[in-house]
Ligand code: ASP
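Just the one chain here, laid out as structure tokens, in the form predicted on its own.
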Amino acid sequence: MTEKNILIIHTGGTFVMESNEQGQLTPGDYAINYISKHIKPLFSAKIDQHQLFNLDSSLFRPVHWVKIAEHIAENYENYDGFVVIHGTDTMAYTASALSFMLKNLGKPVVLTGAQLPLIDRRSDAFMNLVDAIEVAQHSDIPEVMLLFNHTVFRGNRTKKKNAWDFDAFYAPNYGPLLKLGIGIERKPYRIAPMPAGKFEIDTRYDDSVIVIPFFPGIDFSAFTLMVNEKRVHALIIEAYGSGNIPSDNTGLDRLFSDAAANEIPIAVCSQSPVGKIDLSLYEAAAKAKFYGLISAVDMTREATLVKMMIALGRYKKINEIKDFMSANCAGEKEN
């Protein structure tokens, strides 16, 4: 059997943190040596490590998604799989972005992290990384994945659900691809087929997007001002339930009308993690159709936001943006 080559890309997060003199967690510089000494010898694969960043994940910006995608592309021919060590708070956003930027991906890209630092004796970091390398080495799954607590999810389907438990992630509308227990339970019907096209990256984006979560009594006037002053290029509406929209709110009508006049796309996702948007379900659906709102179907808020940023970067015509948002590009939504 040919020896596999795996690349670990370090970006920071709790995984690599240590306590400073004040007892606060801060990124440390010990992880590469620790992994070389304690984890690499467990595998037959040749494992290299590159430190791209060493950031708390709250400091991540879209430019960091681009640099990770570019680094994978630069090393794509030299490795059989990739593991990205990342902070948990923004991992779902990065996983979503990479799933759209890495086009015709034919190799495993596995994001993982930890709730406790690697040097903590109760840390989940060691096992998460061992599992991630195992998946990158042996699964041959051509997807961007997120691995946590012995479970592998499609990256653009995930959300962080718990800040205090090792079982920190889930995919509310799409089950796991793999479960790593005594054996490895594979769900082949959930796994993307090998792509027919040639691998390439497209890292264009425009982050002039705002998310508007509905709540009783919300005032839409500030958002309307932003639309008319062209300070925002797209809106994400977090509607109630299956996409219910207040039908008697004149401020919302004004927002939708002005957005349509300025050719600013509006996508609607749900505040409820489980379920999907159906803009035809309620009386307010006529409003959605009239103003050309885009249903996110069962996409997460994270995937909807990131996908819209990428749509704006790739397309200028509103119909092209709507077509991209409505398409299932990387398994991020129900067909």
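This structure is a prediction, so every number in the text was calculated from the model and none was measured. Numbers follow the displayed sequence, beginning with 1.
Beyond the structure shown, there is the form predicted together with the ligand, which is absent from this document and is the topic of what follows.
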{"property": "Interface segment, criterion being heavy atoms within 4.5 Å of the ligand in the model of the complex, picked from 185-193, 136-144, 86-94, 235-243", "result": "86-94"}
{"property": "Residues Asn156, Ala303 and Val306 all lining the ligand in the model of the complex, heavy atom within 4.5 Å", "result": "no"}
{"property": "The ligand: the contacting residue among Asn249, Thr224, Gln115, Asn173 in the model of the complex [heavy atom, 4.5 Å]", "result": "Gln115"}
{"property": "Partner contact for Ser295 in the model of the complex: the ligand, 4.5 angstroms, heavy atom", "result": "no"}
{"property": "Asp48: touches the ligand in the model of the complex, heavy atom cutoff 4.5 angstroms", "result": "no"}
{"property": "Residue contact check: Met17 to the ligand in the model of the complex, 4.5 Å heavy atom", "result": "yes"}
{"property": "Contact test in the model of the complex: Asp56 vs the ligand, heavy atoms, 4.5 Å", "result": "yes"}
